[in-house]
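Next up: a single chain in structure tokens, the form predicted alone.
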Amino acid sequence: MQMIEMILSPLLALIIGIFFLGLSRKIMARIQWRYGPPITQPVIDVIRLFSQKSVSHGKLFNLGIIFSLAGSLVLVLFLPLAQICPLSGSGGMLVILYMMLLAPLGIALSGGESANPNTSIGISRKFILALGYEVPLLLILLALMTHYKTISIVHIVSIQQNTGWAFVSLPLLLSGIAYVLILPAILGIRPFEVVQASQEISSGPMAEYGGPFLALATIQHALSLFIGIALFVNLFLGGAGNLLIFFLKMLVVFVLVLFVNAALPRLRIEQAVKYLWRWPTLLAFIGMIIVLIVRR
């Protein structure tokens, strides 16, 4: 049964992530009074890219994107997907926090081998942005672990299903708001679309990718979308008892984030870090203090 879940969980995560990629392009097009591509366009692109030839810059260039994709696939196994969680007893939320750094690390190893200056700028922005949202994210996770007295995300989901969502719980309200504020940065969309800013650095880390490499990068992006939203749904919206409810919760969160993406302009990297270390970090810190006071 566990082997089936280890195959099913990444597959469902990939399907949902690819669907969100297509849906985002469609919704953004309609907001901008365009018809837009079909929702299945990412699937068409991935199939087309795998059929094309590409240029390799070395073994590390080849292995870096695979390492990044593997990190995201393993991380999905730790996240409850309704009742599916293959590695529920193999780690806690701090493991998830560390695993989230593998994806940018793999992209950095791959892009660094290409020696493209646009790639180097994009990689540096990716790590700086990750440093920006990892600080409030750590405070948020500490508040959750302190409040529920467990490091297991499965136990946190189970407790919420009996007592109510963490997002509407008074001790964790500020922590939930802080996560909402950093969610666009985790997903890499506006106003935090600084890593792949095509108008500035020619797609950044993806500048040298083509063919199968770009297809793998698209798949990794889809998994990153799933991970960021699924983590919020599990931590603050109580997960779900079945796949349909879990997907609907993710869909509502994703559409709301898309409205933010459509309404706000892109920040500069220093503006993004300044924002992330100010309001989300302040709210997350106050939220953690409130949890400590309530639990004392």
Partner chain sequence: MSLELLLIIAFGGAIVTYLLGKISCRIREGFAVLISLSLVVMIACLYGENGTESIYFHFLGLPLIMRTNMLSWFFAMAVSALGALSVIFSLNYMKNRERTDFYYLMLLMVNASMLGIIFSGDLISFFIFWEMMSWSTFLLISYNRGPAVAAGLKYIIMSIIGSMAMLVGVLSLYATYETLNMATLAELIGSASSGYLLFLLIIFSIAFAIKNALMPLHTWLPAAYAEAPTPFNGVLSGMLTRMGMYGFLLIMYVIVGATRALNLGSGLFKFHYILAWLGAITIVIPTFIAILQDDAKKLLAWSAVGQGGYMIVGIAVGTNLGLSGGIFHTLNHAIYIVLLFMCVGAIQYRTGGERDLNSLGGFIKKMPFTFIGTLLGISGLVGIPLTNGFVSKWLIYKTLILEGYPFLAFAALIGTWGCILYCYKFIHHIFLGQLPGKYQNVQKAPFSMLLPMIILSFAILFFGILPGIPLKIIDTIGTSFGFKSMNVTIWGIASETGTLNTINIFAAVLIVSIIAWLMLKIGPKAVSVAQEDTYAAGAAIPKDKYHYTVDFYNPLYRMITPYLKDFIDAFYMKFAHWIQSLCNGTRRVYTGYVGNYVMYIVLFLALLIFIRLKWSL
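Since the structure is predicted, the reported quantities are computational estimates derived from the model, not experimental observations. Residue numbers count along the first chain shown, from 1.
One more form of this protein, predicted together with its partner chain, exists but is not displayed; see below.
Asks: Does any heavy atom of L267 come within 4.5 Å of a heavy atom of its partner chain in the model of the complex?
Replies: No - in the model of the complex, heavy atoms of L267 and its partner chain never come within 4.5 Å of each other.
Asks: I'd like to check something about G112: if you look in the model of the complex, is any of its heavy atoms closer than or equal to 4.5 Å to a heavy atom of its partner chain?
Replies: Contact with its partner chain, yes.
Asks: Taking heavy atoms and a 4.5 Å cut-off, does N242 contact its partner chain in the model of the complex?
Replies: N242: no, not in contact with its partner chain in the model of the complex.
Asks: So in the model of the complex, does F259 come within 4.5 Å of its partner chain, heavy atom to heavy atom?
Replies: Outside the cut-off, so no.
Asks: Taking I39, W165 and A222 as a possible spot, do all three reach its partner chain in the model of the complex with a heavy atom inside 4.5 Å?
Replies: Looking in the model of the complex, the three residues I39, W165 and A222 all stay beyond 4.5 Å of its partner chain (heavy atoms).
Asks: Heavy atom within 4.5 Å of its partner chain in the model of the complex: which of I177, I159, V135, A82 fits that? Just give me the one.
Replies: Looking at I177, I159, V135, A82 one by one, just V135 meets the 4.5 Å heavy-atom criterion.
Asks: Does anything in 130-156 come within 4.5 Å of its partner chain in the model of the complex by heavy atoms, and if so which residues, in order?
Replies: Heavy-atom contacts within 4.5 Å come from L131, E134, V135, L138, L139, L142, M145, T146, K149, T150, I151, H155.
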